[in-house]
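Next comes just one chain, in structure tokens: the form predicted alone.
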Amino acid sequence: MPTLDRPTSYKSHKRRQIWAGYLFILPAILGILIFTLAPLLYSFYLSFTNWTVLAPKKWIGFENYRKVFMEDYFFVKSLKVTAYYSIGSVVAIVIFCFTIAMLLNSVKRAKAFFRAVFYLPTVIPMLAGAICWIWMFNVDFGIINYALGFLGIDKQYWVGAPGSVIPSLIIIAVWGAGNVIVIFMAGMQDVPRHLLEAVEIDGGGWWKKLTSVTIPLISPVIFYNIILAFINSLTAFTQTYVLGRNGGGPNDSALFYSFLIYREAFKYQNMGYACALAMVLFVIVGFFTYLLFKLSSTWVHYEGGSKR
């Protein structure tokens, strides 16, 4: 009877839909398992060995981790360098990009042109961009020192001096953050106009509109950009690989943690030790990301007032 066949047909249809859904997400799941989870687990296993690529692996327990925390001078140094770069680059990127996005939102003409100008560095490969910055930072014939000469400022060593190499790398990071500007602009365009007009009616100026309307409403966007910039800064590698002399800059003043892992793995062939360093970085990134999410509940405002 039709009334009895209908539920059976409906269940069969729903079952086919469920299996079709699993089939569509299967490539993504396989990609995560094969290219993310499996290498992560294998790296975790290697961190307990003394594998040097050319010799067989030997289980040594927590010896690599003991060496990381008790003996390795470069572990502490690279953490300090990475923390310095991370804090400086995240603060500089967020403030600079937010300011530029506000200015571009207020521009009446050629907004697309200026947006493309600031976004252009994002599509340039980091390696090519870093090489260009090497030329511009050159002490003797770099265009930046040449321009400073017109202003009567002495030549700067930029990436050639321990004290200025990290600020120079932060400048490169800010230069390549055009995507952050575009994200900020998209968030600002969603701010309801009537709320800004209400502030104007109450006699509020641009500062009141900024602090009472714009920043609270786009706080999820600000938080997203902070998380993105923070993780990118912790895993920065190309800048120090290309700009730093002998990798790591003068006196290892630009020895990022990711470069320390690379150096141990591919220069000294200490794969087991490099995997231990990578696991420590994994924990550090996870901890600070969790901390940022916990702190976000105090200043990030989501639509409807619910936490995401």
Partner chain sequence: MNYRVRGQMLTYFFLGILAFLFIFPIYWIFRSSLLDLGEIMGYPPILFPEVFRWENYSEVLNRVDFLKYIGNTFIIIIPVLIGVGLTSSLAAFGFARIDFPLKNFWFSLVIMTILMPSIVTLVPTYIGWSKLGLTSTFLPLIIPAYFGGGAFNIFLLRQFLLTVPRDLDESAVMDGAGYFKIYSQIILPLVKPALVAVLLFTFVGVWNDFLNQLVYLNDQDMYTVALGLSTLRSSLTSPMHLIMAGTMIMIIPATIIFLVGQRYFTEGIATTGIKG
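Positions refer to the first chain, counted from 1. This is a predicted model, so every value here is computed, not measured.
Note that the form predicted together with its partner chain isn't included here; everything after this is about it.
Novice: Closest heavy atom of residue 295 to its partner chain in the predicted complex, within 4.5 Å or not?
Specialist: Heavy-atom contact with its partner chain at 4.5 Å: absent for residue 295.
Novice: Could you confirm whether residue 55 comes within 4.5 Å of its partner chain in the predicted complex, counting heavy atoms only?
Specialist: So residue 55 does not count as contacting its partner chain.
Novice: Do residue 18 and its partner chain come within 4.5 Å of each other in the predicted complex, heavy atoms counted?
Specialist: Residue 18 belongs to the contact set for its partner chain.
Novice: Is there a heavy atom of residue 71 lying 4.5 Å or less from a heavy atom of its partner chain in the predicted complex?
Specialist: Outside the cut-off, so no.
Novice: Which pick from 199, 191, 210, 234 sits with a heavy atom within 4.5 Å of its partner chain in the predicted complex?
Specialist: None of the other options qualify; the answer is 234.
Novice: Can you work out which of 88, 121, 160, 204 has a heavy atom no more than 4.5 Å from its partner chain in the predicted complex?
Specialist: By the 4.5 Å heavy-atom cutoff, the listed residue in contact is 121.
Novice: Which residues from 218 to 242 come close to its partner chain in the predicted complex, meaning a heavy atom within 4.5 Å?
Specialist: Contacts from 218 to 242: 221, 224, 227, 231, 234, 235, 237, 238, 241, 242.
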